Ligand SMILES: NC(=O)c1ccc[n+]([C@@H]2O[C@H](COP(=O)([O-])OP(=O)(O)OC[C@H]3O[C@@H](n4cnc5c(N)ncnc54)[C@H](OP(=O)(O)O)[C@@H]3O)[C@@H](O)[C@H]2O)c1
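As structure tokens, one chain now follows by itself in the form predicted on its own.
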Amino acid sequence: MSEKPLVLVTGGTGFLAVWVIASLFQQGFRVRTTVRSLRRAEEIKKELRQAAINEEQISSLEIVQADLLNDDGWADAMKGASFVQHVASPFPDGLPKHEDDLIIPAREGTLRVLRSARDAGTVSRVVLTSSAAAIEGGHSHATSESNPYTEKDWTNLNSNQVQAYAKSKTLAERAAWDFIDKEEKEGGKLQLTVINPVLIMGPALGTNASTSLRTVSELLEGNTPGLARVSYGLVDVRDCANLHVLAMTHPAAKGERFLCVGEGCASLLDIAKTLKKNFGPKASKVPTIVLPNLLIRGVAIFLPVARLILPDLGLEKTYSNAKAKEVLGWTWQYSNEQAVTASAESMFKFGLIKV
């Protein structure tokens, strides 16, 4: 019986990346992953055990050192790989000192991965994790069930409302499509598929929790006196990982981007109510008062991290997952409540919440 294809997953210590690795193993693929430091190799294996991956598969995981900021190690990382899941990308805890601190690593790292995949000669498709931030930013139009954000939308980089993270994801994705267009014109065979997730929640597998789970920890720790009037599209990390693997091999995914959203949007108040409902005394510090927009804007003058939510303040957003459903047959399995609850449960389990 022939061996299953080898898949390279970049940034294997990441919240989404380790779930992608788990999903690949569950479907029988061989997996290699990159880390910036080999000292974190055991951390990945420990997290895969939390995802109920068997020891034989865990011991088969190849872990190589490679950094998105330089060329060292990427040729070896790509050797013999049939597919690449490029998941690694910087995600900010706050506003960077300069937007290029995010933009350059995201764009140049993506191009480095694509060049290395092309040069390897064995890779047929790269699945790039972009973001809904490359779709929704800088638009003044309202969205609704009848007029949602779709894969046809692109962030408007001319808007002064677009912050560094959204710029970095947009420019990195644009650079990837430009690279593939050029390759195709020159007779290249490398394929690209892009996944654009909304806010990813769900269970962490260890202490290396994603920045995207910070919303939950901030609420549970009572680090804010009230709630901003903001809403987020949500998807569970397990559903998102499943879409990544599906998009890797499905013939119709070639040259396409897919918005990755589950049940839909949830406001901060919705998230707070879920925590209150499911965690009782543990959620005693979770606020349920919605603060006026004017107050949030005032706080943001003195608290830089608060500026991250200003473009979304008071906006209702709707996202469509119709393309992923219709083209790939994907559907979400975990509701917003399940995703938020699993996030909190795992963070309590690993001691990531101070209550």
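These numbers come from a predicted model, not from an experiment. Each residue number is its position in the shown sequence, starting from 1.
The form predicted in complex with this ligand is left out here; the points below concern that form.
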*Choose from 308-316, 287-295, 33-41, 54-62 the stretch whose residues reach within 4.5 Å of this ligand in the model of the complex, heavy atoms counted.*
33-41
*Consider residue 230 of the chain shown here, and say whether it contacts this ligand in the model of the complex, taking contact as heavy atoms within 4.5 Å.*
no
*Spell out, yes or no, whether the shortest heavy atom distance between residue 328 and this ligand in the model of the complex is within 4.5 Å.*
no
*State yes or no: in the model of the complex, is some non-hydrogen atom of residue 165 no more than 4.5 angstroms from a non-hydrogen atom of this ligand?*
yes
*Taking 4.5 angstroms as the cut-off for heavy atoms, does residue 299 touch this ligand in the model of the complex?*
no
*asked:* Please determine whether each residue of 67, 130 and 210 possesses a non-hydrogen atom within 4.5 angstroms of this ligand in the model of the complex.
replied: yes
_Give me the residue from 24, 16, 9, 340 that has a heavy atom within 4.5 Å of this ligand in the model of the complex._
16
*Contact residue in the model of the complex, chosen from 138, 148, 206, 105 - any heavy atom within 4.5 Å of this ligand*: 105
*For 185-201: residues with a non-hydrogen atom within 4.5 angstroms of this ligand in the model of the complex?*
197, 198, 199, 200
